[in-house]
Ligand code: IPE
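First, one chain by itself in structure tokens, the form predicted alone.
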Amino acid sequence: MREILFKPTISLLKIMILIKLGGSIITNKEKPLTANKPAIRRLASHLRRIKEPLVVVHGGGSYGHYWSVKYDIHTKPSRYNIKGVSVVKNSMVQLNRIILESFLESNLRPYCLPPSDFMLSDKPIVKKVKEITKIAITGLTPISYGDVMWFGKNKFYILSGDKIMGILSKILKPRLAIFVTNVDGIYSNMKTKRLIRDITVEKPTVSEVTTDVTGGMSRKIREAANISKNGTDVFFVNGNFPKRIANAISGKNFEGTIFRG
């Protein structure tokens, strides 16, 4: 069982680790509405060993992403198909429930945190966001996720998990931010699988990236660059090897890509 190492009275700066579990690792994107439960259990088992407050965000994969493509719902606010909005939101609740149950079984004490708890339209509620770290230091693990959101004026939009990472990082200023995907990191060339290990430039470029309705790898790169500009190191690791998460946190034997904060 993960120990509670911090007291609520201490400074809330730079004591938290923010982790994004990509849809590509927690679901089977080739098969609609299929969670990768063995991978989720392995990740939960390794996250349990981390002796620092955690905040977790997860993507939609073959759940929310599948339906958002089917109903043509995007990140731009618009008057989308109402049934589609309902289906996308319900699918994310379904996937989130699977994550929560797996984490609970691994003694991670998950705390469900829908983005509607800290977002109003497309803007973060700063006071509510700042409460997240306070929740994390109690020993609970706040878990949020990408979702379809109410914008106002009968409009909705997709708020991706990657975007949530950027929002939370800017306000909470975590010690580290980690994107867990199904590849080893950022490649300079997808064909040759040449890995970029260290990125310090302000606007990193990648010759080939895959995209999906929420921006795919290109969105992750943009968010990681912005997070690092605010002083937080950002790691990209392969979730098929969960120990790499611990390596990124310890700074030893790290395999992947790091954006220097």
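All residue numbers are counted from 1 along the displayed sequence. This is a predicted model, so every value here is computed, not measured.
The protein also exists as the form predicted together with this ligand; that form is not presented, and the subsequent description refers to it.
*Asks:* Using a 4.5 Å heavy atom cut-off, state whether Ile158 contacts this ligand in the predicted complex.
*Replies:* Judged by the heavy-atom cut-off of 4.5 Å, Ile158 is in contact with this ligand in the predicted complex.
*Asks:* Would Gly239 show up as a contact with this ligand in the predicted complex if we use heavy atoms at 4.5 Å?
*Replies:* No - in the predicted complex, heavy atoms of Gly239 and this ligand never come within 4.5 Å of each other.
*Asks:* Looking at the partner-bound form in the predicted complex, is Ile178 within 4.5 Å of this ligand by any heavy atom?
*Replies:* Because no heavy atom of Ile178 falls inside 4.5 Å of this ligand in the predicted complex, the answer is no.
*Asks:* Should Asp184 be classed as touching this ligand in the predicted complex when contacts are defined as heavy atoms within 4.5 Å?
*Replies:* So Asp184 does not count as contacting this ligand.
*Asks:* Tell me which of 225-233, 22-30, 45-53, 192-200 has residues with heavy atoms within 4.5 angstroms of this ligand in the predicted complex?
*Replies:* Of the options given, it is 22-30.
*Asks:* What residues of 47-61, in sequence order, lie within 4.5 Å of this ligand in the predicted complex by heavy atom?
*Replies:* Result: Gly59, Gly60, Gly61.
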